[in-house]
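In the form predicted alone, a lone chain appears below as structure tokens.
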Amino acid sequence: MTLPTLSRANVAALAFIVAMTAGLLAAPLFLKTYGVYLLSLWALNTVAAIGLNLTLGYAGQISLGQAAFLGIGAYAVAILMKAGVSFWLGLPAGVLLAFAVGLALGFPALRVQHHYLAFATLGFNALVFLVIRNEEWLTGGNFGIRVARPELLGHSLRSGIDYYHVCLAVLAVTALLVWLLLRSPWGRAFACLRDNPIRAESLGIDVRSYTLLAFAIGAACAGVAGAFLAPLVNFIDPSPFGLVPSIYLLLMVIIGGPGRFFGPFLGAAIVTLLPEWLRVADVWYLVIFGIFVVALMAFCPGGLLAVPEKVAAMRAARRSARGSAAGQAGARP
């Protein structure tokens, strides 16, 4: 019996995953409380960005409403916990609610595309934000809701490091499930839908169903992230679920590389951590961050993970140009 051989790319990806996992597990040993909090926030942002990458990068549907699903998951858990329900019972309720709302929001995607769809999801985000801000009887409005960290198997998760490990576990499970989905016939149908919806329909792919499914699964990922975000910060108010957070989530996918599995991991790290590292620049840190984003989009619209391909293509073009010039010089009498 012969064992299956791994390609060089698969070996490199496996080595990267092992190294990244070891680094993330060991990171709290070298960080203070705020650093551990930022890594926990990165993990949850990555979960939400993975969902948006599925919607945008694989299914080709532009959404500016991902933060709204984050808020739906967070407030569902917070409201249920305030009513005395366990976090672990509120978690599936929040995720299912986000999934159902994402499924309903997917219907406009059947009629509009591209920037029209972006405006439709933008309106949805504004609607959710207004509801959670104004319906004080339910959400607490601008006063917010306090959320305690849950227990797991009788062990309190009040420690920042313990809760960080839970966030890492949530990220690992979400990434694994999405990875399996993308390698299933559903994932290939998403890619076909993104590249050419007309051809996808001619191949027998139900465009309607897969578009709705992409929105719903992407929303469910954001619901998971929101449900764990509420206990992370111990308090939620409407501010993390407006338009700006949705744009940041979109930036995470675009900067990392839409349609690339590891794109959300890298994009979330850049958008979550880089502004914090740049705070030494005082009031200029957002200017520097903005210049970085603009320069990246100008040089490589495919995101950071597309940079090696971009550089390789530029080198190949230069070699081809030199070869053509040499051939023309040799052909001259």
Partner chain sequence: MQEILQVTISGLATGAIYAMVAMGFTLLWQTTSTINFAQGEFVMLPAFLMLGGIVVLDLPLAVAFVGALLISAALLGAAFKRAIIDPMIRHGVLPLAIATIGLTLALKNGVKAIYGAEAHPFPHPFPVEIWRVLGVAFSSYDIAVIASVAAVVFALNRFLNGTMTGRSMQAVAQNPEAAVVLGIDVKRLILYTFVVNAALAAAAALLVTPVYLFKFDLGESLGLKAFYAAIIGGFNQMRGALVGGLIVGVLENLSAVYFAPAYKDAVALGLFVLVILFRPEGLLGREEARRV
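Fair warning: this is a prediction, and the values are worked out from it, not measured in the lab. Numbering follows the first chain given and starts at 1.
Although it is not shown, the form predicted together with the partner chain is what the next lines describe.
In plain terms, the part of the chain that comes close to the partner chain in the predicted bound form, with a heavy atom within 4.5 Å, is 59-67 out of 59-67, 25-33, 38-46, 261-269. Using a 4.5 angstroms threshold between heavy atoms, D206 stays clear of the partner chain in the predicted bound form. Contact annotation: L130 falls within 4.5 Å of the partner chain in the predicted bound form, judged by heavy atom distances.
Under a 4.5 angstroms non-hydrogen atom cutoff, the partner chain in the predicted bound form lacks R146 among its neighbouring residues. Looking at V280, you'd find every heavy atom of it more than 4.5 angstroms from the partner chain in the predicted bound form. No residue in the set L138, A191 and D195 has a non-hydrogen atom no more than 4.5 Å from the partner chain in the predicted bound form.
F124 is the sole member of F99, F228, F124, Y163 with a non-hydrogen atom within 4.5 Å of the partner chain in the predicted bound form. This chain lacks the partner; the member of L181, L251, L212, A93 within 4.5 angstroms of the partner chain in the predicted bound form by a non-hydrogen atom is L251. In the predicted bound form, the residues of 286-317 lying within 4.5 Å of the partner chain by at least one heavy atom are, in order, L286, V287, F289, G290, I291, V293, V294, M297, A298, P301.
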